[in-house]
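Starting off, we have a lone chain in the form predicted alone, written out as structure tokens.
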Amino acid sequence: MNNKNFFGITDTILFLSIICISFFGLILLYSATNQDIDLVFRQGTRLGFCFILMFMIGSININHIKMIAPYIYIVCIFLLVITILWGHDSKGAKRWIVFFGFSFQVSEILKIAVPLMLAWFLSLDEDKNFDLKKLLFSFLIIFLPILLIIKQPDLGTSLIILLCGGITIFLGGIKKKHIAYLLGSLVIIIPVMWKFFLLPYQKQRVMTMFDPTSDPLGSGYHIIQSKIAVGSGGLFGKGFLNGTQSQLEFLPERGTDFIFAVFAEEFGFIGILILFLFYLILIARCIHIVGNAKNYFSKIIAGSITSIFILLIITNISMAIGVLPVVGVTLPLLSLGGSSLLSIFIAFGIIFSVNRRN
């Protein structure tokens, strides 16, 4: 299929894949929210805004995006400070800024802003070796926002941003000996974090992952109900609007963290395979764009975005089936949420911009 540059859309297959998954996400939300048409309409409005933003970013030259990458990062850091000082307090956590009645989670945008900043920094002297000095400065870029996000507190998003930054550094050409240093550091850092940084409820989430039945009505409730929903879907599922765990409201966070469990219960294993097929097509097109990237910055940022997209899918599904602890990661293009949706569409706008340059 010939690619056309229409409002920043430079890959028709990728664009159609995004539309199909997003549209199905609205249908799934209708079921997950017990037929709340107002909530689905609000999500549809967010989608419309995000598509317009994606068109705009996709029509920008990737070199211009590279130029403003440090400013995007600095603005996000400033907004994180604002969030800690004057953010909306919900259940003891300050993670949202409220603008004119709209709540906004800055940490979601940092999943893209941190890789952008790293790609900009690493491309400044791409001809030089990836030395220890460059590695240390890269980690300064990553850990500055992470320390602020931990203060909110939001350990789950902090870990995701750490992985996003790590992916970008890996794609930037880190040396094998530096990887060995990092792995050795993790052996020291993980016990220290467990002892001094993790809050009691965060430790409980990790322990619950190994044995959800130890606290079936408390920290293990989410995972138990999600695994029941996924398993009860069987081969063909119970049918649209017929999932007992979701419709009878046994399953918490049905529209956000555990929307995959709703999908699996209603559409079964065959439905999951079809969803994976659409995701696979989307990822394959992104990998194709990465392979054709014309410069160092484009290759790093497009590769990082593609890898991060895969990471978010794997993390959310692993949460739903009890392989990973619940860390509050949404399923891309399907879950309810404005900030996470915005970050995903900004990422796809950058992908289209890279392909436009190609």
Partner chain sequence: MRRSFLDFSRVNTEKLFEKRLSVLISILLILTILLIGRLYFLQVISYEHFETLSETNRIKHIQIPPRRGIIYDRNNMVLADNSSLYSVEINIKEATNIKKIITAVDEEIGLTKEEINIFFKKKSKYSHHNVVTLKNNLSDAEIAKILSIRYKYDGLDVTASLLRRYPYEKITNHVIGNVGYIDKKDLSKLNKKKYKGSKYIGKTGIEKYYENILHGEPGSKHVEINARGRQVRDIDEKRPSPGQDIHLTLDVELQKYMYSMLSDYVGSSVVMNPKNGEILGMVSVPSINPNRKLWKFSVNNDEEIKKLKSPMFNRSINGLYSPGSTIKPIVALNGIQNKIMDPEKEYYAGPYYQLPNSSRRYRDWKEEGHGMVNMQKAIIQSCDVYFYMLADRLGIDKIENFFEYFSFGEKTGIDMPYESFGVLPSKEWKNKNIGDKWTKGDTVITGIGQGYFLTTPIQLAYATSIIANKGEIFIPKLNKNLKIKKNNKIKEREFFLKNNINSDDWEMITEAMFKVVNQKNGTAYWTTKNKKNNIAGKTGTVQVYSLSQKTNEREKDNIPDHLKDHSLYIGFAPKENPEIVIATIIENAGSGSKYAAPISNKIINYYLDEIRERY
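Positions refer to the first chain, counted from 1. Source: prediction; values computed, not measured.
Although it is not shown, the form predicted together with the partner chain is what the next lines describe.
- You can rule out all but one of 68 to 76, 183 to 191, 263 to 271, 143 to 151: in the predicted bound form, only 263 to 271 has residues with a heavy atom within 4.5 Å of the partner chain.
- A heavy atom within 4.5 Å of the partner chain in the predicted bound form is found for one listed residue only; from Ile57, Leu311, Leu47, Leu39, this is Leu311.
- Proximity to the partner chain in the predicted bound form, defined as a heavy atom within 4.5 Å, singles out one entry of Trp96, Phe250, Trp120, Phe278, which is Phe250.
- Using a 4.5 angstroms limit between non-hydrogen atoms, Ser103 is distant from the partner chain in the predicted bound form.
- Within this chain, Val326 is remote from the site of the partner chain in the predicted bound form, having no heavy atom within 4.5 Å.
- Proximity of Gly165 to the partner chain in the predicted bound form: non-hydrogen atoms within 4.5 Å are absent; the residue sits far from the partner.
- In the predicted bound form, the partner chain stays beyond 4.5 Å of every heavy atom belonging to Arg285.
- Relative to the partner chain in the predicted bound form, residues Leu171, Gly233 and Ile317 are all within 4.5 Å by at least one heavy atom.
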